[in-house]
Every structure is written in C-alpha cells, then in structure tokens.
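In structure tokens, the next block holds one chain alone, the form predicted alone.
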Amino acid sequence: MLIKDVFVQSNQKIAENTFLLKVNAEEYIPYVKPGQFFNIKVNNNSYPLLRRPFSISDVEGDSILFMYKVVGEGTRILANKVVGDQINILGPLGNQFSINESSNHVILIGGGIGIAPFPYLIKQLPNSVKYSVLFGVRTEKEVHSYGLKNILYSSDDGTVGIKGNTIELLDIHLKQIAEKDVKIFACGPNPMLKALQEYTNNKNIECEVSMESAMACGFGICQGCPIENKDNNYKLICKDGPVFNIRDIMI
C-alpha cells in the first residue's frame, strides 16, 4: 500500500456522465491485482474531506486507469481535472478476483459503472478461458466499450440490447452458450447483486461479486463499510473484500 501524488495524464468522457481517468503510477504497477481499488483524494484542500474509492479499471504501461461516473461533489471535482493536475492516491487496497483455469467460460456482469473493474480483469484471464460481458444500463447513452469485447446489453428503456435487466439477460445467455462449467464475476448496485445471488444459488453457479461502499479509510481502521456474512458476523468491504464469494455474504 502506497500513498502518493500522481499526475493526470488524461480524463476522457466515454459515455453520459462517465469518465476514464489515467494517471502515472509506475511505482504501483507491480502490486495491482484485478478487483482491487484505490482511495483517491480529489482535491488538495480539505473539501471534500473523505477520499473516494475507485476500482482499478485497467493498466497501460506505467499508468493506471480509473472509470467513474459523476454522481456527487467528489466526482464532479474529479471530472474537471485536466492533464498535469495532481491528485493523491492510496492503494492498491482490498483483495482480488479469483482467476484460474477451472472454468470453461467466465461471464462478467456489470450494472452501470459496475463495469469498471472488468477491462483489467479480462487481461488477466487465461487464454484458454472463454468470456462474455453482460452490460446493464438505463439507456443507450450510458453505453461504452472501453476494454470490453464479446458484449451483450440490457437496458431499462430498450434502447440497446434487450429491454430488461442483467439477470434476464444472463438467463438468456446461459441458454445460448449451453456451458455447464461457468463462473460469474459481477459488480453493480445492490438490488442487482441480490437478484444475482438468488439466481446463482438456485442454479448452483459459482459467482464472485465486487461490493460497492463508501470506504473512507480503505484499510479497515474506520470500520465504516461492514457487510454481514452467512454466519451472522460482519466483515469489512475494504479490508476483507471488496470481492466476495456471493454465497458467503448477505446482500
């Protein structure tokens, strides 16, 4: 875990309210794993006070990329950063997705900005493993394809892909590929993950999820991101996650 000021190399808008931030981060590269995150201080002053967590979206050479959606004051400030600006990043934090060759087909499910961790994850998949991406959006304006191939879409308004949600799209896709040995990686809003938990439990499909939360410290000191596990105890999303086996937690 390192803390350092880094320079903005680019900050590109890639879809409606969605940006891709690229920073120089040579010292971090040997340590980053797919599924981990960084806590970013978006301003040099004390406002906003708390850092914001951002998944590692991709690694390019000596640079790390973060995909984010403008939803509040912190991300609005970040969206105004230009090339040469400095931001302070803390990381890499948390655990990683479990990647191996035990599955024939990996399905990546992203709801909205939950698609963010997948470009780097895809790069780390073994060549022998097939994959597909299910991308759920509200409307076509939220669609982008950075770092993603083999994509199927669902949308709330039917402007792209099927009109419906990612669970409906998953059900259709599983019937199409007819694979028995499937593993799912997912990230997105809690209602989507809760529905996915019920679906994968009923179908007995292995699934790991990256949970989202406000993580002020990022390494377990503030105790601000608890999640209940199946034993009625609590874990911390920042320290014990953000990636969990979907069977081990209460969503």
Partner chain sequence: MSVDLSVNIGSLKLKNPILLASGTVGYGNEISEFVDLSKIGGIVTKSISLKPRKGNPPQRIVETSSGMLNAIGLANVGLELFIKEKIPFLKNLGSTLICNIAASSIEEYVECVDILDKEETIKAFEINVSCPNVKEGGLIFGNDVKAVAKITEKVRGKTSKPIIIKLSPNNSNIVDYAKIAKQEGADAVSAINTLVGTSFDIYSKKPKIKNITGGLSGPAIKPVALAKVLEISKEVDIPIIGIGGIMNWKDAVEFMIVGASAFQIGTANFINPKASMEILDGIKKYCQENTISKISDIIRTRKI
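Note that the structure is predicted; figures quoted are calculated from it, not measured. Residue numbers count along the first chain shown, from 1.
If you look for the form predicted in complex with its partner chain, you will not find it shown, but the lines that follow are about it.
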Next on the checklist: Residue-level question: is I122 within 4.5 Å of its partner chain in the predicted complex, judged on heavy atoms?
Outcome noted: no
Item to check | L90: touches its partner chain in the predicted complex, heavy atom cutoff 4.5 angstroms | outcome: yes
Checklist entry - Going by a heavy atom distance of 4.5 Å, is N232 a contact of its partner chain in the predicted complex? => result yes
Item to check | its partner chain contact at S46 in the predicted complex, heavy atom, 4.5 Å | outcome: yes
Checklist outcome for this item: TL;DR on 46-54, 29-37, 60-68, 200-208: the one with heavy atoms within 4.5 Å of its partner chain in the predicted complex is 46-54
Checklist entry - Candidate spot H105, L134 and A178, all three in 4.5 Å heavy atom range of its partner chain in the predicted complex? => result no
Checklist entry - Across 209-227, which residues bring a heavy atom to within 4.5 Å of its partner chain in the predicted complex? => result A214, M215, A216, C217, F219, G220, I221, C222, Q223, G224, P226
